[in-house]
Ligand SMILES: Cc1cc2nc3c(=O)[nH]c(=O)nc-3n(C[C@H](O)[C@H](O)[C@H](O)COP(=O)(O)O)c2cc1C
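The form predicted on its own is given below as one chain in C-alpha cells.
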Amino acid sequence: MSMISLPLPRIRSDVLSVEQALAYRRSHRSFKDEPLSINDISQILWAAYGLSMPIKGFLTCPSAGATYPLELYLVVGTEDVELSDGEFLEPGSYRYLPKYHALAYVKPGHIKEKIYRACLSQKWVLQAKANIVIAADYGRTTQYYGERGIRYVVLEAGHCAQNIYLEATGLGLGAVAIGAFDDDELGEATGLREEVQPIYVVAVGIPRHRYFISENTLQEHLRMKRRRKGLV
C-alpha cells in the first residue's frame, strides 16, 4: 500500500474567523469544474480528523473515551486534485492517516462513478472534486460503552462532518453532507474493510455561488423578529 505525505497543516489563518465560517456555512450542491489543490485537501482532512494534541494522540474531533472509531476515505477522479508540481492525485480512494497526516492509496482506478451510483445518483457527487467517506469501526467504541457506544460513534461522525463544512467555508470552498446511499455498495466501491461501515459522505468542491451575510443584516433581522414578538 503506497503512502503519500500531505502538506503540513496550518493552524493560523487570516481569511475568515470561526464566527464568519459559521455564518457563511451552507450546503452547496453545485460546483465549478475546477480542481482542488492538495493544500486544500490537506487542510480539510486535518480539520476533519487530524492530530491536534500529539503528546496524547488527540484529534480535532471529540471522541468518547478517545476511542476514535472513525476512518476517513478520500475519493477523487481524474485531475480532481492538483499537486504542488502541477501533476494530479491519481484517481481512486485514499485512507487518511491522522498519525502521519498522510494518505494511503487503498483502491486505484475510476471509482468516482461507483460512489455516485452508491449515493443514489446524486449529481453533486460527480460534480465535486473530492468525496470524503466518513466510516467507522464501531467495535473500537462499543467494547467500552456497549450498545450506547453506537450513539457515540454517530455523534462523532457529525462532529467530523461539521469540521469539514467549516474548514471548506474558511477556504472559500463548498460542501454538502450526504446520508442517502447503499451501505454495501458504497463500502465495496471505496474499499472499506469488512469491520468498517460507512456513515456519511461529504462532497467538496468550488461552489458556483458562495453565501455571505453581514453582521448588520443578521442583527437587524433578529431585532425585527423580537419587536414582532414583543420582546425587549
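Treat the numbers as computed from the prediction; the structure is a model and nothing was measured. All residue numbers refer to positions in the sequence shown, first residue = 1.
Form predicted in complex with the ligand: not shown, discussed below.
Taking a 4.5 Å heavy atom cutoff to the ligand in the model of the complex, the contact residue among 166, 176, 206, 61 is 176. Checking 31, 68, 49, 200 against the ligand in the model of the complex, a heavy atom within 4.5 Å turns up for just one residue: 200. Proximity to the ligand in the model of the complex, taken as heavy atoms within 4.5 Å, picks out 179-187 from the listed stretches 34-42, 179-187, 52-60, 166-174. Looking at residue 25, you'd find a heavy atom of it within 4.5 angstroms of the ligand in the model of the complex.
Mapping the unseen interface onto this chain, residue 122 counts among the residues with a heavy atom inside 4.5 Å of the ligand in the model of the complex.
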